[in-house]
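Take a look at this single chain, the form predicted alone, given in structure tokens.
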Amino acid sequence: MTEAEAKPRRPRPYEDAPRLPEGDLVDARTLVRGEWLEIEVGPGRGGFMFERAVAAPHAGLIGLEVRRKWAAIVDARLAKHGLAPRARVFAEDAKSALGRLRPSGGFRVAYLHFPDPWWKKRHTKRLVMGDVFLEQIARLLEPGGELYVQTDVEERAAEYEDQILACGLYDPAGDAPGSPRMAENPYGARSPREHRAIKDGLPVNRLRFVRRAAAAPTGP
């Protein structure tokens, strides 16, 4: 055995960050308790999760955060505040994790706050919004379940609106008939980015859609 082989492996930072259980399928009802389920993709530092847990005390909340550091920190903070039974954050890439979650049609709301900060073409593969994301969220949402997207970049808001409507799985559910645009956040919780944008007087583009009952993908 060489010296390099004998040397113990140094653990990676936040290697113990919470992960979804192993297996092809994961029942979200075994992860959190609640009268209904909600999911946030990319909760970051967890500001929205904490506020939503207070605003909706009967909801079971699941967050998927690709950065192990923030998944570990936020999940530990939720537990410290006694929220772990019904609010958890897992260190997972939504692109692969969403397809494992069940039950299909078991979630009431999905949130995506200020996603996709990458602008260069070479970062296209890193974008959260895309066909796979929209199809899997539609599968998870109950008929009439809500997809809520926020961004402070008008160009991105227009792209998201066009992309979501074009996929044929959602209907707009904003303030005016036929539009997904909303003037206010209806969920009683804000992400840190939304708080900052409001404080700085920047516009926030809020989009709400509902899952079409007839067009949603099927699955177990």
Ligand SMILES: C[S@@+](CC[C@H](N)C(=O)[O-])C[C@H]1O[C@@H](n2cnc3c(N)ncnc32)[C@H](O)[C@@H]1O
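The structure displayed is predicted, hence computed values, not measured ones. Position 1 is the first residue in the sequence shown; the rest follow in order.
Quick note: we don't show the form predicted in complex with this ligand, though the next part is all about it.
Undergrad: Can you confirm whether Gly44, Glu65 and Val128, the three residues that make up this candidate site, all sit within 4.5 Å of this ligand in the predicted complex, judged by heavy atoms?
TA: Yes, because Gly44, Glu65 and Val128 each have a heavy atom that approaches this ligand to within 4.5 Å in the predicted complex.
Undergrad: Exactly one residue in Leu101, Val149, Val109, Ala94 has a non-hydrogen atom within 4.5 Å of this ligand in the predicted complex; which is it?
TA: Residue within 4.5 Å of the partner: Ala94.
Undergrad: At 4.5 Å between heavy atoms, only one of the stretches 163-171, 52-60, 191-199, 176-184 reaches this ligand in the predicted complex; which one is it?
TA: Contact-bearing stretch, as computed: 191-199.
Undergrad: Could you confirm whether His113 comes within 4.5 Å of this ligand in the predicted complex, counting heavy atoms only?
TA: The answer is yes: His113 has a heavy atom within 4.5 Å of this ligand.
Undergrad: May I ask you to check whether Glu40 falls inside a 4.5 Å heavy atom distance of this ligand in the predicted complex?
TA: Yes, Glu40 is a contact residue.
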